[in-house]
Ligand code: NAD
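Take a look at this single chain in structure tokens; it is the form predicted on its own.
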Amino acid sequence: MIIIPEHEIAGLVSPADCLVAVEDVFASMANKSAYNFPVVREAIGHAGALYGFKSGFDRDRLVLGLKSGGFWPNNTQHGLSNHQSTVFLFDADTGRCRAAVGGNLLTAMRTAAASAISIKYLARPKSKVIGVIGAGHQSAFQLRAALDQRPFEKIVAWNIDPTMLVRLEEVAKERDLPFESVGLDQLGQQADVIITITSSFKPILKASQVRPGTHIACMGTDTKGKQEVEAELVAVATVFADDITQAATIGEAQHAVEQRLILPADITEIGAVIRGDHFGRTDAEEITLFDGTGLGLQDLAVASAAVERAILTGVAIEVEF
């Protein structure tokens, strides 16, 4: 079995590698050659943690496995990231465990790649202002990946604790772009693209705050009960998702579906747009919304790329198992 420690991931896969891997996964899902298994995600009643499994199988690439982990809100007190996970890859022919791969950075990068892909295919080509709601660890990954997709000229951001916005301001300085901390009304008035990346269980962004033509990437809702935007905003948008079933049950769309404002049939897989089976955005005034729930297949694809690169570069640790 191959072991890839967490500290090796940054040297093995780049954000560009993640973008390619995740885009290929979305296309394979739309082609029905790859599929995710039902997600298990539960509050364990200890340390405030949410723990679960995401898994799947890609028949074309024979990538089989799971990611195990979750969210420990008190980890910063221990000098650790709140998100902790490990990816396990299995030989599709024999079922033997092929690799164990550190999943923390990998998860952050593949999540950012997913929203960036939605911007690539759904945001208006001349989008100039990007808005970010949330300033946790994941937010900087989101912003960096998004800035590669359009010629953005300004960054606006909101967070419940404004002092945390320094994380996003540092990204703005890296890219030599102006940055402004704003209220939610101002953010919606200015932004052509909005990324929401919080752990909220109540809506933050309202339909009345979003102007026509905006693209929204909702990336924080991946559990029953979580919610970042009003159900009414989901209802007025054209909704795309990484996975329709997950979006309707644990994603941002769950509340609009529960209230019968939309049906699961109203949601389109982003892979259909990538494959050219769906137009994506149809006009400049349309509000598009990407519901990014996070897929096991994304983790497996990036972990598999890391393993192959580790073998080639000689950093893979091989053990008898």
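Numbering starts at 1 and follows the sequence shown. It should be emphasised that the depicted structure is a prediction, and the values quoted were computed from it without experimental measurement. In this text, rigid core is short for the largest set of C-alphas that superpose within 1.5 Å between two forms.
From this point on, the text means the form predicted in complex with nicotinamide-adenine-dinucleotide, which you will not see here.
- Message: I'd like to check something about Asp222: if you look in the predicted bound form, is any of its heavy atoms closer than or equal to 4.5 Å to a heavy atom of nicotinamide-adenine-dinucleotide?
- Response: Because a heavy atom of Asp222 falls inside 4.5 Å of nicotinamide-adenine-dinucleotide in the predicted bound form, the answer is yes.
- Give a yes or no for Ser85: in the predicted bound form, does one of its heavy atoms lie within 4.5 Å of a heavy atom belonging to nicotinamide-adenine-dinucleotide? Residue-level check for Ser85: no, no contact with nicotinamide-adenine-dinucleotide.
- Message: Can you tell me if Lys226 lies within 4.5 angstroms of nicotinamide-adenine-dinucleotide in the predicted bound form, counting non-hydrogen atoms only?
- Response: Flag for Lys226 set to yes.
- Do Gly56 and nicotinamide-adenine-dinucleotide share at least one heavy atom pair within 4.5 Å in the predicted bound form? The answer is no: Gly56 has no heavy atom within 4.5 Å of nicotinamide-adenine-dinucleotide.
- Query: Heavy atom within 4.5 Å of nicotinamide-adenine-dinucleotide in the predicted bound form: which of Leu105, Val236, Leu177, Ile204?
  - Reply: Looking at Leu105, Val236, Leu177, Ile204 one by one, just Ile204 meets the 4.5 Å heavy-atom criterion.
- Message: Going by heavy atom distances of 4.5 angstroms or less, which of Leu122, Ala135, Val156, Val210 would be at the interface with nicotinamide-adenine-dinucleotide in the predicted bound form?
- Response: Comparing distances to nicotinamide-adenine-dinucleotide in the predicted bound form, the residue within 4.5 Å is Ala135.
- With the partner removed from view, which of 122-130, 86-94, 187-195, 160-168 is the stretch that lies within 4.5 Å of nicotinamide-adenine-dinucleotide in the predicted bound form, judged by heavy atom distances? That would be 160-168.
- Residues of 284-310 having any heavy atom within 4.5 Å of nicotinamide-adenine-dinucleotide in the predicted bound form, listed in sequence order: Heavy-atom contacts to nicotinamide-adenine-dinucleotide in the predicted bound form: Gly292, Thr293, Gly294.
- Query: Relative to the superposed rigid core, does the CA atom of Pro73 travel 2 Å or more between this form and the one not shown?
  - Reply: Yes; Pro73 is a residue whose C-alpha shifts (by 2 Å or more) between this form and the one not shown when the cores are overlaid.
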